[in-house]
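Given next, in structure tokens, is a single chain: the form predicted alone.
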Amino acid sequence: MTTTNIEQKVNETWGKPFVDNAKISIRNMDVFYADKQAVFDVNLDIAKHEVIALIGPSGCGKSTFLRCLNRMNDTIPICRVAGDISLDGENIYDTNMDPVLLRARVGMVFQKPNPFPKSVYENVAYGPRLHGLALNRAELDDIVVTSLKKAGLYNEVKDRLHSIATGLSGGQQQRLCIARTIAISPEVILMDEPASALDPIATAIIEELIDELRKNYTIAIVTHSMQQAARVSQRTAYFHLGRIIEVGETSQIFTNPQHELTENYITGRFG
């Protein structure tokens, strides 16, 4: 396939971007920063209880796309999102949609662990308090303990719940941030390179946790590690210059990609 033919075929998404059991549906999504377009005509479904990995070179639009799914880009004045994004059929950019409530349904874990400068307990309790999810201290205690257990962290911190969270290791801090996210009972968890700042042991723990969380949550993860994408996801979407080039079952994307751009990236010819 010549370079010209590749460029001609960038305008269509190859593979299977749509599913029957979509939790989130994106149609004809464009994202602009002032006059510069960063994401072009994205069409994609994210299925219930799946992990979808978003891969591609740096600056290709993965994180920008991810932040659109819970309207984090609303905090950037020059950012504008066009197209349709729905959660269970409900347009998340509708004027009646409260972004704060949306972010309770679609939580986010960032690249660098960002615990609050408070105790372990207060980090997890913050969201449930804010959203009125606990009627009393006993209920709040239960939410904190349950969330820490789901994040695989409780046994490591049960004797230091009231110690400052920044004293935890990097991997523990990231799991604390996951516990903080799931404490408000989201339906979807967005992860933007959640293990890129962690050592291999902590990364393995996070990956095991992602597989466990999939039973109860829909997860979209941006990762620069193709090995990680292969380990944790069921489907993979490959981004290139702001467009989704190909979407498919993860095993198919990594062993038999359909588009030459995908193959070039997977085989390390660029990216």
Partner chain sequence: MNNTEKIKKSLNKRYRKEKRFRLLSLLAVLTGFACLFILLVDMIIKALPAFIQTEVKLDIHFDQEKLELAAHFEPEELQNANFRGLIKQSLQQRFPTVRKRSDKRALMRLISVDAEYQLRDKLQAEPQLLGETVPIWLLVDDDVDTYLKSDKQFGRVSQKQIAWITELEQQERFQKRFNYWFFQTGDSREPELAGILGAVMGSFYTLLVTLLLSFPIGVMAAVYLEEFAPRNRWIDLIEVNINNLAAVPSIVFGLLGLAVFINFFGVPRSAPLVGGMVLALMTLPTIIIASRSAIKAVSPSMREAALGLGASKVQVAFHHVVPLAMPGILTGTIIGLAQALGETAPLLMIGMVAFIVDIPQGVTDAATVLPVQIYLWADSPERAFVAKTAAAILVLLLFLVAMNGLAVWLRKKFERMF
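Residue numbers count along the first chain shown, from 1. Keep in mind that this is a model prediction, so the values were computed, not measured.
Keep in mind that the form predicted in complex with the partner chain is not shown, yet the notes after this line are about it.
The partner is not drawn, yet in the predicted complex one stretch among 150-158, 195-203, 112-120, 84-92 has residues with heavy atoms inside 4.5 Å of the partner chain: 112-120. Not one of Val145, Arg214 and Asn216 comes within 4.5 Å of the partner chain in the predicted complex, counting any heavy atom. Distance criterion of 4.5 Å from any heavy atom to the partner chain in the predicted complex singles out Ile184 from the list Cys79, Ile184, Ala134, Leu168. Taking the partner from elsewhere, Asn96 is found to have every heavy atom lying beyond 4.5 Å of the partner chain in the predicted complex. Contact annotation for Leu140: none of its heavy atoms lies within 4.5 Å of the partner chain in the predicted complex. The closest heavy atom approach of Arg243 to the partner chain in the predicted complex falls outside 4.5 Å. Remark: Arg231 does not count among the residues lining the partner chain in the predicted complex, judged by a heavy atom distance of 4.5 Å or less.
In the predicted complex, the residues of 61-85 lying within 4.5 Å of the partner chain by at least one heavy atom are, in order, Arg67, Met72, Thr75.
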